[in-house]
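As a starting point, one isolated chain is supplied in structure tokens, in the form predicted on its own.
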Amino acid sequence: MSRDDTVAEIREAVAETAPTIRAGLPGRREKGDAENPTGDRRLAADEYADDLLEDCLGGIDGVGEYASEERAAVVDTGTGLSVAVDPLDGSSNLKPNNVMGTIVGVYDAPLPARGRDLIAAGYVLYGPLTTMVFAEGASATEYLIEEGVASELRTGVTLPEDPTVYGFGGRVPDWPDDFAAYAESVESELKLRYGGAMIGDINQVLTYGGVFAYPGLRSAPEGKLRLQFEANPVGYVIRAAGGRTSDGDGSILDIDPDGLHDRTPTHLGNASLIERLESTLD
């Protein structure tokens, strides 16, 4: 099977699994006893989504590795591409019934890998509709998922040139002074859209234009978001849509990871807003 065929199978498998993940959420809102490798308490829904995706993606001919935010180590599934997954992004939103998603990155390198090794990435959004944005190379496409089948809604998705929204994570008193100054500079220009799930906030930015950030904090200079499972794949989608990524100094996609569960300060959105951010940060 060619690399392109494998990517197509991964995209179709993610779409096929999405309704099953969504249908399984109502009965899996309770917290389990275990924590994931970065110390977050897992919900039964996290484990359920992870198991489904491992079975579905790991069984594809041409997928050699499966890794998840919920697992300490990479799972060897054969020979081929590496798939890194956040099975249920924003799972803490399950209790109040807010938006959640699934993030998938397809790397042509053993994990952990640089974002430049991504050849495709995408996310599913469990909102009023179930949608998927999937990027390959310099092209991003939005799909509607119905009964496990993805149909195109928009091809050549790009960030609007006139941005209107922003969403920043972390407690405001924990923001470094330079990031707080940047936030103050944009809040008079843009509308706040922050819902506690990265994918929901990113989808707002992709729809309306703007900037999303989970910066390095005073208490956690490395930030919160995981490089392999969140920052790299979503950054790849934003870049395909004409935007930019930054860890504060340069592109997130250029970071050389030390470990599978590394974190990074994450800033994504319209190029002009990311350039302003980098000029503001010390």
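A quick note: this is a predicted structure, and the numbers were derived from the prediction, not measured. Counting begins at 1, following the sequence as shown.
Separately, the form predicted together with a small molecule exists; it is not shown, and the next lines address it.
Enquirer: Given that the small molecule is not shown alongside this chain, does K224 nevertheless sit within 4.5 Å of it in the predicted bound form, heavy atom to heavy atom?
Expert: Yes, K224 is a contact residue.
Enquirer: Considering only heavy atoms, tell me if V205 and the small molecule come within 4.5 Å of each other in the predicted bound form.
Expert: V205 lies outside the contact set for the small molecule.
Enquirer: Can any non-hydrogen atom of D50 be found within 4.5 angstroms of the small molecule in the predicted bound form?
Expert: Contact with the small molecule, no.
Enquirer: Can any non-hydrogen atom of T130 be found within 4.5 angstroms of the small molecule in the predicted bound form?
Expert: Result no; T130 lies far from the small molecule in the predicted bound form.
Enquirer: Should the three residues E69, G196 and Y214 be counted as contacting the small molecule in the predicted bound form, with contact defined as a heavy atom within 4.5 Å for each?
Expert: All three within 4.5 Å in the predicted bound form.
Enquirer: Taking 4.5 angstroms as the heavy atom distance cut-off, pick the stretch from 158-166, 141-149, 89-97, 110-118 that is near the small molecule in the predicted bound form.
Expert: Comparing against the small molecule in the predicted bound form, the contact stretch is 89-97.
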